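So this first bit is one chain, no partners, the form predicted alone, shown in structure tokens.
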């Protein structure tokens, strides 16, 4: 692992080198919102942001994409591969973990080729951050990241630490050796102070130690009915979640061209149509059932399948919920009921 220390001006040099390898996207402030948008210079990036509206999953699993086109008689074709190389600049640790969880698209015997292709072409630059009152990533073990990036940037006032996380990132940092140096004792002390400040800044926490067991015993809790009455099942929490990957596939015919496109779009298990099957039966007809299903998938089903929750504690679901539902409060209520 290669680590280098440099003044903040190094980010301009880094951006210049990265922009020569592909189109750079980063956090850009638009009014009160921050979005991952194309960057023309490092000065366009909002380096002190809390969270973007949509997570970076949109670059690997687009909200809508054509999987194939067919015209009958067995004639079909897949879209041409995108040749564009992209650079994702300024991803927080929680979003790095989110992308790692999405690699379930690459873990099957037949991986999802569009997702795999986009991930392999992306160069990812991580960025340090401090929590606000909606962050609980520390509880999920996602406040730091040791993988999932090519370079990670930690901002330490008038110094910047650059850490390589891949062979390509290592080579790029080596090219900056004329402007960067090995971290000094003072740099190390600043880094430790930053870690201490970050850990002390969390005001929201969740003990997930026994959460799968709690969910086993609280499956019939009145909490789910209460949430069903409050929740609009609008799907906001699913759309903004870094790890939600539910999708639908539909065929869209064109009478003008005689072709049909098979399109994949984002979906949500909170939508009434999600569990609707042929014949009109719905496995989760009630809103309470759909809300409970999402919570159980995040903190129980995914844990059983992959050994960790599919929640990174980014706080997007809390900030985007029009009903004011707080996922941390929900699990705390269940845990308290379990403890009685």
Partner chain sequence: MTRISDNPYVPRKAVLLSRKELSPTCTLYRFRGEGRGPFSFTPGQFLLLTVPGVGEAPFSISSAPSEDGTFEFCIKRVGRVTDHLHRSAREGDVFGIRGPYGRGFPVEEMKGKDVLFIAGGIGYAPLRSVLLHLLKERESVGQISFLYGVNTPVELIFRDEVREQAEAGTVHYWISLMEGDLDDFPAPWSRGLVTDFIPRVPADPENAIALLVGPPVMYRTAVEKLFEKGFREENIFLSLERRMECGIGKCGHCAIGYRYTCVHGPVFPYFEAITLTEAI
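Keep in mind it's a predicted model, so treat the numbers as computed, not measured. Numbering follows the first chain given and starts at 1. Here the rigid core means the biggest group of C-alpha atoms that line up within 1.5 Å when the two forms are laid on top of each other.
One more form of this protein should be noted, the form predicted in complex with the partner chain, which is absent from this view; the next part is about it.
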Practice task
Kindly confirm or deny that 3, 11 and 42 each have some heavy atom within 4.5 angstroms of the partner chain in the model of the complex.
Solution key: no
Problem - residue 246 within 4.5 Å of the partner chain in the model of the complex, heavy atoms - result: yes
Exercise for the section: May I ask you to check whether residue 264 falls inside a 4.5 Å heavy atom distance of the partner chain in the model of the complex? Expected result: yes
Handout entry: Proximity of residue 170 to the partner chain in the model of the complex, heavy atoms at 4.5 Å
Key = no
Problem - Residue contact check: residue 49 to the partner chain in the model of the complex, 4.5 Å heavy atom - result: no
Practice task
With the partner chain left out of view, choose which of 222, 199, 113, 203 has a non-hydrogen atom within 4.5 angstroms of it in the model of the complex.
Solution key: 113
Problem - Listed range touching the partner chain, judged in the model of the complex by heavy atoms within 4.5 Å, from 157 to 165, 177 to 185, 249 to 257, 135 to 143 - result: 249 to 257
Problem - Interface residues of 58 to 78 toward the partner chain, as seen in the model of the complex [heavy atoms, 4.5 Å] - result: 67, 68, 70, 73, 74, 75, 76, 78
Handout entry: Rigid core fit then residue 73 CA moved by 2 Å or more between this form and the one not shown
Key = yes
Problem - Rigid core fit then residue 258 CA moved by 2 Å or more between this form and the one not shown - result: yes
Practice task
Please say whether the CA atoms of residue 248 and residue 104 come closer or move farther apart in the model of the complex, knowing the change relative to this form is 3 Å or more.
Solution key: farther
